[in-house]
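Given as structure tokens, the chain that follows is alone and in the form predicted alone.
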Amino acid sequence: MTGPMYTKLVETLPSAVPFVGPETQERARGRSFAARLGANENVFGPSPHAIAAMTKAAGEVWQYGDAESYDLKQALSRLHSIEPENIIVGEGIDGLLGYIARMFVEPGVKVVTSQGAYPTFNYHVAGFGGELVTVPFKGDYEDPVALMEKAAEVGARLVYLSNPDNPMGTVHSADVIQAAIDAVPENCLFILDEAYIEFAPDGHAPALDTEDRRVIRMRTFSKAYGMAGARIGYGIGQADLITSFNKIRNHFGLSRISQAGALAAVQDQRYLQQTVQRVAQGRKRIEEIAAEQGLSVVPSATNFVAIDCGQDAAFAKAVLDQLVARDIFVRMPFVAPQNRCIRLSVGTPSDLSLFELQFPLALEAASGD
């Protein structure tokens, strides 16, 4: 009996995922986490209006979602003062990155990204046979100049950068990002991932130019809007590029529930600003908790904070393991020198109180004292 015939590419890929989720870890541990601070989730959740809209839509879930996301596109058009034809809505930024990889990547195509940057993008590139070319961080920042220089050097078809950055939380000014857009080489598309941009202060996002064919801007409802479980995000770009998604996307990939929640969330900007303020307060508290232990944090413009543990990656991993053993879910960057840090999301006040209690114990245990 013969089995299914996989493609040669799929046969070469590992059976792996970019991240091991907290639920998987909980099953392996045999118990739940007391504080879920590792997944860059927004614990403050969506607008009450979004929850109400999703609850209502649940009664209509026998219907497919709108394949064109018409109402949501209209609302996003008004929010950003752009045309609906410059917006593509999809299954979160992750889903849209997969579509971009499908459109632009094939075996042998070179793609440039930062070493240690968002691994899900790399996962999609590998899935279509692309060749990843990486550029190191400059300090705790991605290096837009080096990324564009490398893209030109290797003839990359795609170049990826997140601003604010994941995993470090740092952010470049709008002028720096615009200079990167202006430097995109011929026949290359710049994927500017702005998943966390709502948390950043003003002056860090260039003006939207929907006639510029060199860049696609990615936004999400998973972070500031508090809807990670709904899996919905969008891209902003030149109209022909946006239309090209229709050639390969899953036209009915979004549920009515997600679409209804996202629409209501866009229409409640007051709640969004309240969330941004609460996150800023949480970041400040994490900085204070770190300072109590004589440690510093990497300045963050996101809903998470990287704490510099003051030693090497092995020590940071030991601290992480000690926190997990104490039922606090956190993560850490993968690549040196950023992996000297642990990283935690802004949690509820009770989450952060628990972290404040356990963090010095974890540091002590990791030190062997």
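Quick note: we count residues from 1 along the sequence shown, nothing fancier. Note that the structure is predicted; figures quoted are calculated from it, not measured.
Omitted here: the form predicted in complex with another copy of the chain. The next part is about that form.
- Site residues 48, 201 and 332 are none of them in contact with another copy of the chain in the predicted bound form, judged by any heavy atom within 4.5 Å.
- Contact check for residue 226: a heavy atom falls within 4.5 Å of another copy of the chain in the predicted bound form.
- Heavy atoms of residue 327 never reach within 4.5 Å of another copy of the chain in the predicted bound form, leaving it off the interface.
- Mapping the unseen interface onto this chain, residue 4 counts among the residues with a heavy atom inside 4.5 Å of another copy of the chain in the predicted bound form.
- The closest heavy atom approach of residue 138 to another copy of the chain in the predicted bound form falls outside 4.5 Å.
- Exactly one of the stretches 130 to 138, 270 to 278, 93 to 101, 283 to 291 approaches another copy of the chain in the predicted bound form with heavy atoms within 4.5 Å, and it is 93 to 101.
- The partner is absent here; in the predicted bound form, the one residue of 84, 185, 299, 119 having a heavy atom within 4.5 Å of another copy of the chain is 185.
- Interface residues of 43 to 69, taken as those with a heavy atom within 4.5 Å of another copy of the chain in the predicted bound form (partner not displayed): 43, 45, 46, 51, 54, 55, 58, 59, 61, 62, 63, 64, 65, 66, 68, in sequence order.
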